[in-house]
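Just one chain is shown here, as structure tokens, and it is the form predicted on its own.
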């Protein structure tokens, strides 16, 4: 109880408030209102407009990606990214069960089935060792790719998710997937501002996907982005998310099933203003993480920090508690005292629509599910 009271006092001191402290709320401190009014005055509030184009260029500059396509949300970005690299009905896609539901849903939207493999304890993201074990036991290479030799289904993609902005072990994972001819799509929804060996997350796989939901590091209400260094894939992403319409000054001709997924100019105006604040947001979050590190060290609790050769954005900060009982007590007492905390997600394979999916033993994922708690992480 005393350590929880100390935590509550520390959080209130960081945010200079005696009121309710949310987990992660947006900050609008820049040109958001100016750009929104400019968009309204222009009448270009839908999916065509100067702010959409500007936001895409700014994402390319910030991440180093060759091509960015702005879309309506992160789930849509992942759904389209999987289609771009060839995921089709009846395929299998390797991913992690320790993730937000959108990761698995995007796979299902393409008619494919998730294969849930374990995570690493240090990154909380997809474990290369678990992927290697699964492929050695279940997969075989054919001329046109990798197949599950027991189900006969093609294993057409691997989707690691950078949990809370902590990059997975990408080099090892990419090497394994390359050897088995499996494209990697990075679910970088939570990791804008995170780097792996100096490269921004989302730019190492064939395609990367970002989210700008209301609780992300920067937000435009909704919003997402597809990034790729393969310009051909990027061009096709823009075509598919613009209803597969062939360019023409006035005629409408669509030659395949596409999606009406382009980000509206109104949202992009917000996104551009938020991008201008991103570096200061990241600096503030890193400073807050440093304060949490010292505080939790003083009371003997493990605050999760970045590992060697990575730089985390500290999107949602978290602690690892001793067991499920300690976790539940911490959650109950902090929320009762007006400090919002939440457990990590329920593992996806426990949910009714995904209980039939193949999974391994999930030793690390279940360990983390019992112990990880997110704590207030907003920019101050």
Ligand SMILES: Cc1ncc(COP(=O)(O)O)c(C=O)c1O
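Remember, predicted model here, so these are calculated numbers, not experimental data. Positions refer to the first chain, counted from 1.
Another form exists, predicted together with the ligand; not displayed. Remarks below refer to it.
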query: Partner-facing stretch of 238 to 246, 110 to 118, 71 to 79, 263 to 271, counted where any non-hydrogen atom is within 4.5 angstroms of the ligand in the predicted complex; finding: 71 to 79
query: The ligand contact at residue 102 in the predicted complex, heavy atom, 4.5 Å; finding: yes
query: Contact flag, residue 190 vs the ligand in the predicted complex, heavy atom cut 4.5 Å; finding: yes
query: Non-hydrogen atom contact residue 285 with the ligand in the predicted complex at 4.5 angstroms; finding: no
query: 4.5 Å heavy atom contact, residue 205 to the ligand in the predicted complex; finding: no
query: Contact check for 161, 213 and 223 against the ligand in the predicted complex, heavy atom at 4.5 Å; finding: yes
query: Sequence-ordered list of residues in 127 to 159 near the ligand in the predicted complex, where near means a heavy atom within 4.5 Å; finding: none
